[in-house]
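Heads up, the chain below is alone and in the form predicted on its own; it's given as structure tokens.
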């Protein structure tokens, strides 16, 4: 797709993509919408389904999907519920693409992440992957770690404060697979060992309990704002190996200083662009599979 874009310009002519987003999005929504347009199709969309669709009147997710699947050939769903994509797929007439489900999964993000890694290293095996900051609530982390842990020889370095460390169930999954990993609070140690450094922002929107939120903010603020010490700056990027890459699903917060954007290791804008080509490929594959059905 990326090297021969024009060859696919009319493959999805007259096909319709519905983007049904219950949560804010820039990259996921726009890249899916651009993908279908570049393939010759069109888009119907709602940017805030909870407010600007019949959900505001009490309509269930299932009923919304039943109707949307009468109109569209593909549905991209982003929702705060972890099981939303499964629920939607169970009632939809057409393929449902998970555009982000709660804190659980963001599979198309993981695919564009590993595509970016493959572009830079020519392999997805025997890599040292550092994952930093909010590892507990980030669905991009869940999907990326699940995917990369299936490739042999990969080792992980998880770096965060205790309250935002890797969920127990993901840690158990790595142990069952026999994947090597290390949990640390030492940013320099993790960066120095990482061929891929993957940073995330604080996912504060998922911390609904006020007591838990207050406790977390106090933990972040202690020791002169300890959380912000897990950040890439002009000083800390020096600890990354020369041939390593720095990734972030975006949007970023204080965890990446904009002054490092020009560093050749900073690949997060290329990573975001790759979302277009990966999502074009996904739509192309689904369309070909649908054509084979009787």
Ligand code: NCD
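Positions refer to the first chain, counted from 1. Predicted model, so just to flag it, every value in this text is computed and none were measured.
Separately, the form predicted together with ligand NCD exists; it is not shown, and the next lines address it.
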Inset, instruction - Pick the stretch from 181 to 189, 103 to 111, 157 to 165, 89 to 97 whose residues have a heavy atom within 4.5 Å of ligand NCD in the predicted complex. - result: 103 to 111
Legend entry - Within 4.5 Å of ligand NCD in the predicted complex, all of 78, 140 and 201 (non-hydrogen atom): yes
Inset, instruction - Could you confirm whether residue 44 comes within 4.5 Å of ligand NCD in the predicted complex, counting heavy atoms only? - result: no
Inset, instruction - Examine residue 258 and determine whether its closest non-hydrogen atom to ligand NCD in the predicted complex is within 4.5 angstroms. - result: no
Legend entry - Proximity of residue 251 to ligand NCD in the predicted complex, heavy atoms at 4.5 Å: yes
